[in-house]
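The chain that follows stands alone, in the form predicted on its own, written as structure tokens.
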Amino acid sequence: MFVHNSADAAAFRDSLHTAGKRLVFTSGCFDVLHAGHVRYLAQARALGDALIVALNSDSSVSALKGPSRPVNSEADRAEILLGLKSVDAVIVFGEPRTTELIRQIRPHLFAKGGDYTPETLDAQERHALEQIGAEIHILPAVPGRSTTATLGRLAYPESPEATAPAAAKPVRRPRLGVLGSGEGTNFGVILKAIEAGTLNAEVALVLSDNFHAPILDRAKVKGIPSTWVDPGEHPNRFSLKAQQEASRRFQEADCDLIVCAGFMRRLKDPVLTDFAGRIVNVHPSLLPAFPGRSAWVQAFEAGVEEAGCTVHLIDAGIDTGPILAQSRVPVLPTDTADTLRQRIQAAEYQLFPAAIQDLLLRLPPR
């Protein structure tokens, strides 16, 4: 059934409770339903006696995934979900999180896919679940089954992930150039997404302005071409010579998109002109709030109730480029600047590869 408001959903839960039965609750966008979703929903339904799916509205999906999503409208998505025998009810919500729905519906069990852990669940949602005494179940992920991978196969139907005749020549996969100054943790997340099939791309080249940067070692271990670019004498600037060398190397590597993975210097021409609209970064704040360095510290010291991260294109300004996707992270009463940073980073690791894939699907060939 289609549930129009939280009061009706709560009444559905209460009727089950009175009969000694248990309601399972889950949520998601589900804008391209695939086998992973079907298996996950069936597993969730098996935990109890009925399953209600909280479905992100169209505006909510766009805010989370970028302007090209959702692929299907909320009405179509609800109809498709209700066609599954595992789904008993669907309710559409427009908020970023399901915290209030959880408090109002009071499900007996909460299910989430294997790309989460209890620790990386939204803190406010987890607190609401703990308050009502709901059981939390993290269900195993289905390898290679994701919306991102499905959209990638549609965009690149002859890629290695697609089913194609053995003699067919695969279409060239999008090539990423990576810039990093430090550990390369976001670079590592990107590699994992490529290996898992959720990011249809290959890393063609890694450049660093730091001769001793661990990101260069990470690339070497994976057999990815990597090199140091002399940034020049100024400690915070990327010299004109460095900008020219970086642009030349990325062009020679035939890169389609430049990914800044912890790169600490500003890019200027000729990089900005040569790769206009093709340089992407993740920033640890909800831009346009708190641009620049140590954004999580800025947010913490400002006393905001909500922080987060933003994936955006790079332009000539400081964190002023077009926003592609954002993920919100509540600031908890127990937070320090360091704990807030850790939870923002966890959000980055989920948001960044998905936003890169979404951007690649929309970029025209070079």
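Computed from a prediction, not measured in an experiment: that's the story for all the values here. Throughout, we count residues from 1 along the sequence that is shown.
Quick note: we don't show the form predicted in complex with a small molecule, though the next part is all about it.
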Given 20-28, 354-362, 7-15, 340-348, the stretch touching the small molecule in the predicted bound form at heavy atoms within 4.5 Å is 340-348
My question is simply whether Phe263 lines the interface with the small molecule in the predicted bound form - judged by any non-hydrogen atom within 4.5 Å. yes
With heavy atoms only and a cut-off of 4.5 Å, decide whether Gly177 touches the small molecule in the predicted bound form. no
Taking the shortest heavy atom distance, is Lys112 within 4.5 Å of the small molecule in the predicted bound form? no
Does Asp274 make contact with the small molecule in the predicted bound form, using a 4.5 Å heavy atom cut-off? no
Select from the listed residues Asp319, Asp49, Asp335, Asp58 the one whose heavy atoms reach within 4.5 Å of the small molecule in the predicted bound form. Asp319
